[in-house]
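The chain below stands alone, shown as structure tokens; this is the form predicted alone.
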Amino acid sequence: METHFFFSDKVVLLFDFWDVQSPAGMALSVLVILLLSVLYESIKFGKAKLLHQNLVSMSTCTSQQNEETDQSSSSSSELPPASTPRLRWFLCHFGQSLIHIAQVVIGYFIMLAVMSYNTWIFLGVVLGSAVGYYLAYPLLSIG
């Protein structure tokens, strides 16, 4: 195994069955790694957008519930159950955790692909990250 970057069309990526032996195979592998990098950037921005939306909706829901509690406490002595916001927070947190796990797994796959020290794969990761950032960043500011 090489311990420096090299240009070659022969490399084993991530698994033994991903054995690249031709220029066409290398081009396809670079494309797959590029798309994986785009997916990683998209997940990263999507996770941030989802977190922001959840925090905004949770604060809106909590403030509305507090107003309803104030109105209902003046008319009756029963308090509404507080489990609904907690359950919603739990489900949002659980979903965020699953998305984070997917992001970490994809990130480690990308890191291991770069550790093959193949320059073409490295350039695919860099280009995929740039394209993913370029495509996903405007989505963060919409809405």
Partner chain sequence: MSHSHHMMTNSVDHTSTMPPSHHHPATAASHLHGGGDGNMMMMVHMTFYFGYTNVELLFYGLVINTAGEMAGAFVGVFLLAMFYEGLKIAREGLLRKSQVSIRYNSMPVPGPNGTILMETHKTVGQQMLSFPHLLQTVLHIIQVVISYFLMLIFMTYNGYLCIAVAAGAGTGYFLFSWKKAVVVDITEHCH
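Positions refer to the first chain, counted from 1. Just so we're clear, the structure is a prediction, and the values are computed from it rather than from any experiment.
Below: the form predicted in complex with the partner chain, not depicted.
In the model of the complex, the partner chain lies farther than 4.5 Å from every heavy atom of Leu28.
Interface membership of Ser42, defined by any non-hydrogen atom within 4.5 Å of the partner chain in the model of the complex, is ruled out. For Thr84, no non-hydrogen atom is located within 4.5 Å of the partner chain in the model of the complex, even though that partner is not displayed. Residue contact with the partner chain in the model of the complex: Met115 places a heavy atom within 4.5 Å of it. Proximity of Leu123, Ser129 and Tyr137 to the partner chain in the model of the complex is absent: no residue of the three has a non-hydrogen atom within 4.5 angstroms. Scanning 10 to 24 for heavy atoms within 4.5 Å of the partner chain in the model of the complex gives Val12, Leu14, Phe15, Asp16 in sequence order.
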